[in-house]
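Taking the form predicted alone, here's one chain by itself in structure tokens.
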């Protein structure tokens, strides 16, 4: 388990991380999301022990990353966004070098290196110079080094960058398999990948945590009113008219064409109880209801909503910080 408490990091007077708290549970894949400049990489570098914090604590498997750095770092495998590979080394040579740095016993190195190469499917590349590998294979080598030493915690920053679709699926399955023995913090700009492997996410923006919850709970909580999502075959105007005549139906939005005679609708409803009436009315009037569900947001929509709200609030705060005296100052100066 990793516990982050009141973590703060300043670069000069500029705060990169502002008193954040969260935890990574045992055998959990935690998504760590945020726009560029949000403080993600700074936070991950502090957790990994590569960067000192200004304040707060990070406890890794019971060890304080500041006070017990050596013990804590042995529990961590880190794949940064740019893989830390040496281009003039061969793949196997590099992994042996990393195993030595991590303190893996000589008797265990060969087995661990073979296992890491097999998992990342780079066994055939063992004698290749890293400089001659594609971006995708360099990414795999970087991932392999993170597994050496059998760390309890894995920090993966954009692990699928540069991989083709089939490789992305392989890495996704690998991450899910690694969950059996590891706790994983997974950061990616590809939110579909986060949704595929993570149950819980942390969303950070401007150094502050905007949300911590399961993806399902976040999707539901961001919908302010009851909304029904419908896919109906039938005349669009007729469907809208029928829906509006039902008591308890509010706004009808997001009407989208799917195929000939088929549209989707978002229908605001007062209570979930009127769903049966909606279905009955549509079916009785020869409108084919193809799909029906309570409307929720996907992770990308949740992410955009949370981070956009923060940006708007920050802009407002900047405007409020400009005092009237400052604004009038040029007019008060003597000529």
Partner chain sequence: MFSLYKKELQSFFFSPFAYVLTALFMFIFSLAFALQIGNLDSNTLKFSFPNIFYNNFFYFIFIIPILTMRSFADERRGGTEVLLISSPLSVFKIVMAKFFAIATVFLFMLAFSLFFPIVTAINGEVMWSSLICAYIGFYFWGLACIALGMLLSSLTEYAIIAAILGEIIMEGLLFLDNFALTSLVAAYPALDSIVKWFSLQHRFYYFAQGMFRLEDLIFFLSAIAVVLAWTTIAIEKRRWSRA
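Positions refer to the first chain, counted from 1. The structure displayed is predicted, hence computed values, not measured ones.
Below: the form predicted in complex with its partner chain, not depicted.
Scanning 137, 265, 78, 186 against its partner chain in the model of the complex with a 4.5 Å heavy atom cut-off leaves one residue, 78. Of the residues given (284, 294, 70, 290), 70 alone sits with a heavy atom within 4.5 Å of its partner chain in the model of the complex. Although the partner is absent from this view, residue 93 contacts its partner chain in the model of the complex, with a non-hydrogen atom inside 4.5 angstroms. Contact annotation for residue 49: at least one heavy atom lies within 4.5 Å of its partner chain in the model of the complex. In the model of the complex, its partner chain stays beyond 4.5 Å of every heavy atom belonging to residue 153.
Although the partner is absent here, residue 45 is a contact residue: one of its heavy atoms lies within 4.5 angstroms of its partner chain in the model of the complex. Partner contacts here mean any heavy atom within 4.5 Å of its partner chain in the model of the complex, and among 99 to 107, 232 to 240, 203 to 211, 173 to 181 they occur only in 99 to 107.
Applying a 4.5 Å heavy atom cutoff to its partner chain in the model of the complex picks out 52, 53, 70, 73, 74, 78, 80, 84, 85, 86, 89 from 52 to 89, in order along the sequence.
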